[in-house]
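Presented as structure tokens, the chain that follows is alone, the form predicted on its own.
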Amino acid sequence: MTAEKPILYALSTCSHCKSTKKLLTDCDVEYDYVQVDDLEGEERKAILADIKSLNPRCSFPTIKINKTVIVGYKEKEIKEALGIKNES
């Protein structure tokens, strides 16, 4: 599937983030997950800087799949980046 483990930056209150997490889980994709609103201090500051380097608007969810960055819940784009064929 993918060369490196995808990383999902999300907020606990975001419905699009929850949908993205469910999609990755339903597709049996191993991924790293950072719930940004649970972080504090320097750790939070560092993660936000990482997100801004990928997505200058710093909006959620932000997903990094190999060299592809997807902002928002975009099922088709996420599956394409993961190399998963759509059943449509």
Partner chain sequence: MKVEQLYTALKKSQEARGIYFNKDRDLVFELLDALLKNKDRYGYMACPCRLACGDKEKDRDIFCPCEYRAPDLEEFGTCYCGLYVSSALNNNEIEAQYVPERRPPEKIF
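Owing to the predicted nature of the structure, the values given are computational and were not obtained by experimental measurement. Positions refer to the first chain, counted from 1.
The discussion below concerns the form predicted in complex with the partner chain, not included here.
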| task | Verify the flagged residues 31, 64 and 79 against the partner chain in the model of the complex: is each one within 4.5 Å by a non-hydrogen atom? | result | no
| Just to confirm, residue 16 within 4.5 Å of the partner chain in the model of the complex by heavy atoms? | yes
| request: Mark residue 43 yes when one of its heavy atoms lies within 4.5 Å of a heavy atom of the partner chain in the model of the complex, and no otherwise. | output: no
| query | Is residue 58 close enough to touch the partner chain in the model of the complex, meaning at least one heavy atom pair within 4.5 Å? | reply | yes
| said: residue 25 versus the partner chain, in the model of the complex: is there a non-hydrogen atom within 4.5 Å? | reply: no
| task | Go through 61-77 residue by residue and record those having a heavy atom within 4.5 Å of the partner chain in the model of the complex; state none if no residue qualifies. | result | 71, 72, 74
